[in-house]
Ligand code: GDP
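A single chain comes next, written as structure tokens; it is the form predicted on its own.
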């Protein structure tokens, strides 16, 4: 069994063996950078080729062999609207399997503190804005990413159920739309910010007179730099158990991570256009889906617990574009 290394205040011990699942993804890589910067030296990371988290027996052997003290579950099958529409079975199956295997084996091997990373898409399409934690399961989900959302809701409920039945300390955080280093710039599967960065960059290089963006440009979105998300994740992991329990009663469930910085897709496109230095025309394809009309999180609970974001959009987008150029050069 794990020794559950925590200090007297319930914070993570720098000498703890921490399994970070999904360290090669955008969020996982940011959390890894933050862990290393904060002095955590006994980190356990495995690539997808080394550890298939959808395989229960493989995951069980891993926990038996490695015996981590703490777990951060950032691994997931992710993608934008197009990918969610094309591959709904992949999104629900792979995410359900990852969550079920890691959360159950963490419990079985004696891990008491685990952090599960969800998504703001867990909330109903027509939830009151900004969305509070108690909006979960209060209405129908957005159809364009329902499979992914259902899987993420299941991950929250898995953590909640193990806490209620077994007294574990499994926590969930729900980030808003993320962007930043190590993002996915695939033209078919990326989210809005990396997709815009790539489109504007390629249009600038090619001298294209216009760039077309999906939808009307009117939906409102909130964006958070991934390094802020990493800081929030470790802040939540280091909250004393009684502080976490008091904040998330009665279900010991989840907490939002938002920036409070909300813009329309049109405004975001203009910001990315400026960051990239593209001088052409911006157009919108009204035949393409918009997704939910507004999606912003109420992050006041986490702010009351002492966390604040540090990145503003113009600086964050400029840094994200520099990272994209570095990836091209690499």
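Numbering follows the first chain given and starts at 1. Note that this is a predicted model, so its numbers are computed, not measured.
In what follows, reference is made to the form predicted in complex with the named molecule, a form of this protein that is not presented.
- Highlighted residues 195, 199 and 295: every one comes within 4.5 Å of the named molecule in the predicted complex, counting any heavy atom.
- Stretch 74-82 is the answer when you ask which of 244-252, 224-232, 74-82, 91-99 has residues with heavy atoms within 4.5 Å of the named molecule in the predicted complex.
- Contact annotation for residue 173: none of its heavy atoms lies within 4.5 Å of the named molecule in the predicted complex.
- Mapping the unseen interface onto this chain, residue 290 counts among the residues with a heavy atom inside 4.5 Å of the named molecule in the predicted complex.
- For residue 168, no non-hydrogen atom is located within 4.5 Å of the named molecule in the predicted complex, even though that partner is not displayed.
- In the predicted complex, at least one heavy atom of residue 213 sits within 4.5 Å of a heavy atom of the named molecule.
- Though the named molecule is absent from this view, in the predicted complex it lies within 4.5 Å of a heavy atom of just one residue from 182, 129, 177, 109, which is 177.
- Between the named molecule and the residues 282, 59, 29, 265, the one pair within 4.5 Å by heavy atoms in the predicted complex involves 265.
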